[in-house]
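Take a look at this single chain, the form predicted alone, given in structure tokens.
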């Protein structure tokens, strides 16, 4: 009966598209891809939908401040919540909010924190990353609302350890989490919404949870429908017709045409992320030569990309930590557009031009394939521009387009040569997961497969340094080393532009990877 009612509801939505706007009964989101899983720890893409269902102990707000969510407060050295042990380890005591319940009514307790850490530590399932959890020795639970996390070594980014939430022990204990389809398709959470239906290839419908722990007044909106619309043009057209009410992360080439759209406002924040080309040294060995990487960097006219394709909405960047961060280092090696330098570097690396103008070495062509997201017009255009510029210096780059969901397992498995994409970074400036030699998937996100001992040492030393002043110095040294190595081709920063109804209140956006749905519980549609 529930499925029948739900089907009738969605049919009604389809019949009234374009004739009614967003309301507190229903908000329709045009979303660029379908989730690969609803398990926050296992997904390879942004967790916007999951964030509405599964809450972390903390989140980050619109100013990139870490704020408690399921935690009652933030543990620090000053308040005694963090203790540095004489053996070099660290203990972090998390005090949990009382009276928080999972959607099935079971209390959320410290046992769930311990179960989550243990599941990650055991290594018999495949999360997206074990970063940070691999530093945990054990978790104690002296009472239901206290979890003491014992780290083998000091770990500076500890505050974001449980940003992705906790796993429900009472549902998943003793099970193979990879095969727990009930959870991975419709996770048990503590958030303001739960999954009502996931219709593969079409949508995920979330419905309001009664008696949400923040109070019965929340959330304000009854249902949120995430409609999967992979093509950017189609997504924006549906926004114009009212078939969708909100589009998160508006493609930059679509900003002009919707800037004056009635009933819509553009919420813009500078993103704590960067667009770049990952160069997979493992899959395409020529990338292991730093001269080749530097040559490719010099071959790309980033300023032209920003002025033309990107309409000046972003700025070029030269590294993985952005100016929003307290750890940002501006004085790094830069690779300005200079085809002559690019040609000289490739010649010096032994890649010589043939009669056809293409470069070869030992009879093998300098030819690789770049993957990027289909339906993301601006990325397709940038990829084509890079293709032309590399051809000018004798490099043969082909382009392969994959939809947003299909591309995720490809990058995770490392089965690609190069990839044009972005990393949306968290509030903490930790970059160990991207560049440490032992942080290749599934341990981390080093999909460049960079292996540099000096950089790895620096990164781990920064992770073990809780003092922010000392840590900043280490991270700045690490950024300078990354600049020398140029493991990936840095292009430009991210400007997060979300198209939202003018009647939607309390939408704040977010510069970090917490995403714009971090405070969805307080969103509300008003009359004006």
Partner chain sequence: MITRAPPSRRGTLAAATVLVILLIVAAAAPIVAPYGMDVLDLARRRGAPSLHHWFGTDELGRDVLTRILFGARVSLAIGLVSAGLSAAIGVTVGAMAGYAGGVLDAVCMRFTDAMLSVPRLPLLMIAAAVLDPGVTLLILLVGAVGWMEMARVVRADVQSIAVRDFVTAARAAGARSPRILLHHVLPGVLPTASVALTLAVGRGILIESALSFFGVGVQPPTASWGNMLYQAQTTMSSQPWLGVFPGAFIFVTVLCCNVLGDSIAQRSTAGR
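Residue numbers count along the first chain shown, from 1. These numbers were taken from a predicted model, which means no experiment stands behind them.
Heads up, the form predicted in complex with the partner chain isn't pictured, but that's what we're talking about next.
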{"query": "Residue among 268, 138, 451, 308 with a heavy atom within 4.5 Å of the partner chain in the predicted complex", "finding": "308"}
{"query": "Candidate from 377, 341, 334, 93 lying within 4.5 Å of the partner chain in the predicted complex - any heavy atom", "finding": "377"}
{"query": "4.5 Å heavy atom contact, residue 87 to the partner chain in the predicted complex", "finding": "no"}
{"query": "Contact of residue 257 with the partner chain in the predicted complex (heavy atom, 4.5 Å)", "finding": "yes"}
{"query": "Contact test in the predicted complex: residue 240 vs the partner chain, heavy atoms, 4.5 Å", "finding": "yes"}
{"query": "Close approach of residue 214 to the partner chain in the predicted complex, 4.5 Å, heavy atom", "finding": "no"}
{"query": "Within 4.5 Å of the partner chain in the predicted complex, all of 304, 381 and 385 (non-hydrogen atom)", "finding": "yes"}
{"query": "Partner-facing stretch of 453-461, 287-295, 187-195, 230-238, counted where any non-hydrogen atom is within 4.5 angstroms of the partner chain in the predicted complex", "finding": "230-238"}
{"query": "In the predicted complex, residues of 384-410 near the partner chain [heavy atom within 4.5 Å]", "finding": "384, 385, 387, 388, 399, 400, 401, 402, 403"}
